[in-house]
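Below you will find one chain, with nothing else, as structure tokens; this is the form predicted on its own, and questions on how it binds or moves follow later.
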């Protein structure tokens, strides 16, 4: 069994060009480089993997969304970027498609063709977008992927209903796999168990995230537990669901889930950095959105735990109810500066590196071809080398 290629990660902050009026800079990512090679940004195989996931899963994804009663089918199609608000065909940004890519790759890790993982890829994408529809409404976000969020166009009630419907479709397509997708009934049932458990953990994590907004202090351990549910659980399912549908045993499934779980925490750590320092024109998300909502993300929790002068000043600001949700750009920029001064930014970059390396180590337990292993490694690097 060939060991995975190891990577070294430069955790020094990498900033996009500083925007006028934001002295602490916008944009950040953790840079991962494969030894003896260029940046993963120069590796076309990653883009090919993501494109393959979209190409193979989108037809079934469209068919699943089309099952919804009107007007939910229209709301769902709009959210995925297939139509504009007037119902005209559109080529919107449907997201990175990391989860479907992992589902297809996990089928190959089990020695099956990528096609065996398509129902799994569709399922995880449906559940992921259920969470996005609800998150946008709960957070009051008005933009996603550079356009108006579904709840602002069609109303909160439709966003809730469509989110609920997508979550149930995620189970339905897996049960269909035992009829038309080539999976056995037993393996389809295992996949259903995997996705429903991941969905419950995702909801648990989201509930914790919402509750944390009303608390002055959240520990790093609590934050990691929340993010393990909110992000890690579904990526863990994504990394194993294709293998489960292909009949892989529990040993393989468990190792792939560990890879996906730690990859999810690395992904969320980078997402937390982007939630503070990401450039809106790149991320498509509201500027300073996480700070405005006083989210207890990893950089914030790590900064609060540091205990120095900047940490104490940050804690005082977060405990002050005045201006909650209405702080000026200057106030939020200064708050980002306090988080960085207290070490929250650097700690989170280090955590992304640690989780990235732990994810790669889990691959050692799965026998697979060198090509498939390299693709898992490349996707892991992609997760921590991004600006959106």
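Residue numbers count along the first chain shown, from 1. Small disclaimer: the values here were computed from a predicted structure and weren't measured.
One more form of this protein exists, namely the form predicted together with another copy of the chain; it is left out here, but the text below deals with it.
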item: Interface segment, criterion being heavy atoms within 4.5 Å of another copy of the chain in the predicted complex, picked from 114-122, 79-87, 176-184, 264-272; value: 176-184
item: Another copy of the chain in the predicted complex reached by all of 47, 75 and 149, non-hydrogen atom within 4.5 Å; value: no
item: Contact of residue 288 with another copy of the chain in the predicted complex (heavy atom, 4.5 Å); value: no
item: Proximity of residue 56 to another copy of the chain in the predicted complex, heavy atoms at 4.5 Å; value: no
item: Exercise: residue 199 in contact with another copy of the chain in the predicted complex, heavy atom 4.5 Å; value: yes
item: Residue 141: touches another copy of the chain in the predicted complex, heavy atom cutoff 4.5 angstroms; value: no
item: In the predicted complex, the one of 332, 346, 361, 68 near another copy of the chain [non-hydrogen atom within 4.5 angstroms]; value: 68
item: Interface residue in the predicted complex among 104, 218, 98, 169, criterion: non-hydrogen atom within 4.5 angstroms of another copy of the chain; value: 169
item: Stretch 122-159: residues contacting another copy of the chain in the predicted complex, 4.5 Å heavy atom cut-off; value: 130, 134, 137, 138, 157, 158
